[in-house]
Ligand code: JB3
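Take a look at this one chain, the form predicted alone, written out in structure tokens.
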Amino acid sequence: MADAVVIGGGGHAKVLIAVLRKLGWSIVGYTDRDDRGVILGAARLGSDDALAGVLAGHPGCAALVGVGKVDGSSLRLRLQRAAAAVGFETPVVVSPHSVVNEEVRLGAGTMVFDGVIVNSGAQTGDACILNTNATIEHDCILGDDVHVAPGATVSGGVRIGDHCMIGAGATVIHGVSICAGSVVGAGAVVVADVSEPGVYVGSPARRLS
């Protein structure tokens, strides 16, 4: 059984811990600047400054970012890279209740949660979240630190740049490209390329001014 420490103690961390437990991981605890109490049996170990000490006490321990993503910032990727710089492994996490088909490549620290389908030929960068019941169709390419929120559908051949957020229930149609740092609102339908970073909402999706 492998050891893992979770960086962050909010709602996303709770979902991550539950998936890790189903995979047989032992949760050493979580780090957070705030003490959020015990989360699904995992205790706070201190702030992120405690990570080096955690690794010293648990050689070979993995670190996984339990901070969610609702915008186009790079926070998750920065946290993951900081943990890797200390010496932690940052493995891919794939729920046993998801479907990841052949010839899929998932970047370091990417998380595939319950009910997700990732079809053949798709690939992600590092530190991505493929959240509950999301669909990533064939031959999609996602950059680093992309969050595809619950119930969103990314159709075949889509390209999504770094640090993007695809909101809950959104749909990105076949072959569309979305530039880095973009946010697609919940329920939006992206029917054309997004070439300017911003927040896009509606059907068809349009940039908020």
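No experiment lies behind these values; they were computed from the predicted model shown. Counting begins at 1, following the sequence as shown.
Beyond what is shown, the protein has a form predicted together with the named molecule; the following relates to that form.
When you look in the predicted bound form, the only residue of A13, V194, L20, A188 with a non-hydrogen atom within 4.5 Å of the named molecule is A13. Taking L75, V99, V92, A84 one by one, only a single residue has any non-hydrogen atom within 4.5 Å of the named molecule in the predicted bound form, and it is L75.
Taking the partner from elsewhere, every residue among R36, G66 and N131 has a non-hydrogen atom within 4.5 angstroms of the named molecule in the predicted bound form. Among heavy atoms of V70, some come within 4.5 Å of the named molecule in the predicted bound form.
In the predicted bound form, the named molecule sits beyond 4.5 Å of every heavy atom of A122. The shortest heavy atom separation between L106 and the named molecule in the predicted bound form exceeds 4.5 Å. Shown alone here, D162 lies farther than 4.5 Å from the named molecule in the predicted bound form, counting heavy atoms only. Residues of just one listed stretch (28 to 36, 177 to 185, 137 to 145, 152 to 160) have heavy atoms within 4.5 Å of the named molecule in the predicted bound form: 28 to 36.
Annotation for 182 to 208: no interface residues with the named molecule in the predicted bound form [heavy atom within 4.5 Å].
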